[in-house]
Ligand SMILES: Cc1cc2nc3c(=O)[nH]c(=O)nc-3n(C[C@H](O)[C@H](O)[C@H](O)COP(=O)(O)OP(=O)(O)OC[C@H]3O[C@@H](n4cnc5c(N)ncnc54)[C@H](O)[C@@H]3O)c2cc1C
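One chain comes next, on its own, written as C-alpha cells: the form predicted on its own.
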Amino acid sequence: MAKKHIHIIGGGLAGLSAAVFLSSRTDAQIALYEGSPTFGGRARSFYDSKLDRLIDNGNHLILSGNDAVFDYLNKIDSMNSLTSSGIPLFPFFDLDENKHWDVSLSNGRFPWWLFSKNRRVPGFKLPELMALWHLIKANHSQTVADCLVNGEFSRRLLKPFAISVLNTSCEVGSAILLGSVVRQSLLKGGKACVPYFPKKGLSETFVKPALSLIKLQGGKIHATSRLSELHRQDGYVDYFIVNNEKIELNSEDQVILAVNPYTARQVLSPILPDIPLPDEFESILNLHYKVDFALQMKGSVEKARFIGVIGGISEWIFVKDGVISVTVSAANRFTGSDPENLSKLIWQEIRKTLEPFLFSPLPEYVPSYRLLWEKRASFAATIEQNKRRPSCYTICPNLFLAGDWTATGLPSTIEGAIRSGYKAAQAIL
C-alpha cells in the first residue's frame, strides 16, 4: 500500500516539532522543506569567523515549566545538551541606582520569597501583587500597562519580564498574552521557573538532534528549498512549488505550512484571501562580544550565567564561554540608531553591570562584536495583532498552519512554536 505524503514547509521549531511528532508514523512519508541553507529559524547557532566563536542567532531562556519544550527535547534525546543552575534564581542590576539584587523564587506555589528581603525585588510593597491578579484576569481589550501597579515590583520585575516575553512595549502589549505566561510560570512557583539554556548552542540542542531523528525515521530533509506558490483546486491544495519544482499532491497528501507570518501572507493570500494573519512586527537586537575563555565570575551571576538589567538599553546579559551576549527586545524603538554607537553604549552597560561579579574588570575598549538585528523577529504582541492569529486549521482540508504566530495562546516563544507544531501534527492525525 502506497504511503501518503505529509509535506512540512518551514524548518524553524514549529516545522521541526511537527516533523518530530509525525516521524514515527509508518503510514506516511514525511518531507521537511526549509528555504534557507540552515534549519532552526530564530533558534539556531553558527560559527562566526570574525569572533572565532560559536554564537546563537538570539538568546533564549527556557523555563522548567515549558512542558512542550522539554517533551520535544526528550523526543530528540537532547536533554543532556542543556545547562542550568538548578534553582529559580534571577539576578538583576539597576544601572541608575548602581544596585544589585537577586530574585530567588520559592519552589512551591506559595510565594514565600516575597516575604524575604534577600529574595525579592527591593522596595516591594504587598499591594503591588494586585498586578499579577489583574494580568491573570485580563480580557482581550487590556494592555499590560492597564494591569500594572505603580511601584518597584512592576518597574524592576514585571516590566522587564513583559518586554522580554512579549517583545512588545507594555503600553501596547496584550495583557492576556502575558497573563498566560504568568499562569504557566510565576503562579506555579519556582519549580516551573528554573532557567535553562544550551551548553553549546541552540542548533546543537534544538535542531541537529531533531534532523537526525527525522532522517533516522525515514523522513526527507530539503534545505535551500524556497516555497513560491501554493495552488488550490476544488478546495484542496493540489500542488506547491519549491525552487521552480512542482510538487503534486494526491487526495491523501497533506501540507503543514510552518513558515514565518510574512512569507505565509505572500503564499496564502492568492488562495485564502480572507484569512487573518499578523501584519505588524517587532525586532530584536542581539550583540555578541568576544571575551577571554578564562573570564571568571563570582556571586549569583556565576551560578545563573545571566543577569537582567534595569534602566539601560540592555535587558539581559548572558555570560557564555568566550562570549558575552546581550538581548534588546522591542528594538523597533532603536531603528535609525548608529550600530557602532549602540555597541559602545551597551558595552559600558555590561562593564558596569558585571563589575561586582568579576575578579578582574572588563576592558574599557569595545572588543570585537557581532550585531544581529532581526527586523521581523516576532509579530507585535498587541491587542489587535493577537486577534489576527489564525487557527492551525484552514478551509482547505489538507492544509494546516504552524508557527508561534498562530493562535497558541502564548506570545512568540520557543514554547509557543513547539506547541503550534504539535497542534498541527495532531490535527492531521
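Numbering starts at 1 and runs along the sequence shown. None of the values given here were measured: they were computed from a predicted structure.
Omitted from view is the form predicted in complex with this ligand, to which the following refers.
Looking at this ligand in the model of the complex, residues 6, 30 and 219 place no heavy atom within 4.5 Å of it. Between 40-48, 356-364, 389-397, 22-30, the stretch whose residues reach within 4.5 angstroms of this ligand in the model of the complex through a non-hydrogen atom is 40-48.
Only one of the listed residues (81, 225, 169, 184) places a non-hydrogen atom within 4.5 angstroms of this ligand in the model of the complex, and that residue is 225.
Site annotation in the model of the complex: the residue of 346, 284, 317, 207 reaching within 4.5 Å of this ligand with a heavy atom is 284.
Although the partner is absent here, residue 68 sits far enough away that none of its heavy atoms falls within 4.5 Å of this ligand in the model of the complex. In the model of the complex, no heavy atom of residue 53 sits within 4.5 Å of this ligand. Although the partner is absent here, residue 258 sits close enough that one of its heavy atoms falls within 4.5 Å of this ligand in the model of the complex.
Contact check for residue 332: no non-hydrogen atom falls within 4.5 Å of this ligand in the model of the complex. Applying a 4.5 Å heavy atom cutoff to this ligand in the model of the complex picks out 403, 404, 412, 413, 414 from 395-414, in order along the sequence.
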